[in-house]
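Quick heads-up: it's one chain on its own, the form predicted on its own, in structure tokens.
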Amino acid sequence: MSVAMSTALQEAAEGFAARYQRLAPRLPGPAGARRRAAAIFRARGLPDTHDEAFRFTSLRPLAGVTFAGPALADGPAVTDEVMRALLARAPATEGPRLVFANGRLQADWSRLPETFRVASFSAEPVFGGEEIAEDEPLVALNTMLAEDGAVISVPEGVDGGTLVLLSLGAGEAGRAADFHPRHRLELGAGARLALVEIALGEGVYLHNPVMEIGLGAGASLSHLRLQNESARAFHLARLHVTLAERALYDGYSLVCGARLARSEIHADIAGEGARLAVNVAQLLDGERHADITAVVRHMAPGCSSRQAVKNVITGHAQGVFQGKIAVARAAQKTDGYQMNQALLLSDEAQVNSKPELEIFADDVKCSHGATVGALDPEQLFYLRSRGVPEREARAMLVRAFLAEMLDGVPHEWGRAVLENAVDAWWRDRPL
């Protein structure tokens, strides 16, 4: 393990490594990939703030929890009673959906689509993407312990409509669950899909998913994500998107759950004329900590990318944005934009913002920026002077701050899901 890692984190990492050793003969998929991941994880362990990528986000709260699986389908992932309770909190939908409980696909609660193929990772355990880099210890942890996930393939030219991927988590303080689903999505040339991911749960658990997305030539993916995990949960997610020529990735994420959350978004814009948009809103209160880290690599000419991250932070919560646009020498005519805005609603709220540009091409249009502020007192006074109660006036201004992100969601049902989550978040919170 890394000498820079704290003793507490080292002990937590050793627990995950020991569990892999016990389960290795029973884990699905290529053993070689898991062994390589285990070697990287043993060498690096869980990252701490000595790692530049985790400079603003400490994983030390993980060290205070004893994680215990689940362990390869030894009994149900969660009880039927818990399943029903969690599903009752999920947005209602009549279309295709994949339901996961503590990382395992629940076939009885899922509805498969008719126009494209869906399988489980446990049945088709293939690790996609390139070799794990030494600076990706959480991907290594996922590769070590992944038991299940969704394998989705939309054929060339097919409009797959809408698919909901619902991830439910449940755990107890004395026996916290940890699960590491491995999802893979492939869209053929000209294919289309709206994917709505919703993560929620109750109790103490660690949800550490990795999703790999490949978009063929001219393919279009609308990707909505709602992270509304338990207030005592940990959410560490990585998304890797590869875009071929003229492909479109249109992403909208709302983060309003989990005690500690980190979402990494890595995009390789590999084909000429491809477009990517990453829109994120983080709503944080209490002692929550949430980190959005986005790395967009422009590798082909004539492409565009947009990153827009908004934070609303109250209480003692902390928000983090780390964003990077990297433009290769061959990626002439790149149009890249990145903006992070934070609205601090208390004196104790904090935000750390680190936008970056790395440009090797000489014919590009790239910009980045960050703003931090509080509610405008003049706007608040204007509303109060017209009879609007203070709490309602503050809520109206917060909603206006988020309007650009929410109103831009092209998927009507998905936009309603995100708006309802925003309304529920501030309903019982001091604003």
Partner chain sequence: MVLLEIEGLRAEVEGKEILRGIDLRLPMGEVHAIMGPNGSGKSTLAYVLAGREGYTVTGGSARLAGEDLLAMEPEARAAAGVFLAFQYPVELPGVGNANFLRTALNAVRRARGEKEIDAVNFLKEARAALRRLSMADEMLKRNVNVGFSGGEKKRNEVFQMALLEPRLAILDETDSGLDIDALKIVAEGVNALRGPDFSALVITHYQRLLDHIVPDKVHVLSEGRIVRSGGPELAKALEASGYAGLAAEAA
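Worth saying up front: this structure is predicted, and the values here are computed from it rather than measured. Residue numbers count along the first chain shown, from 1.
Not pictured, yet referred to below: the form predicted together with its partner chain.
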Practice task
Report the residue, out of 373, 64, 32, 389, that has at least one non-hydrogen atom within 4.5 angstroms of its partner chain in the model of the complex.
Solution key: 389
Completion exercise
The stretch from 365-373, 40-48, 23-31, 394-402 that lies within 4.5 Å of its partner chain in the model of the complex, judged by heavy atoms, is 394-402
Practice task
Consider residue 384 of the chain shown here, and say whether it contacts its partner chain in the model of the complex, taking contact as heavy atoms within 4.5 Å.
Solution key: yes
Exercise for the section: Between 364-380 and its partner chain in the model of the complex, list the residues on our side with a heavy atom within 4.5 Å. Expected result: 378, 379
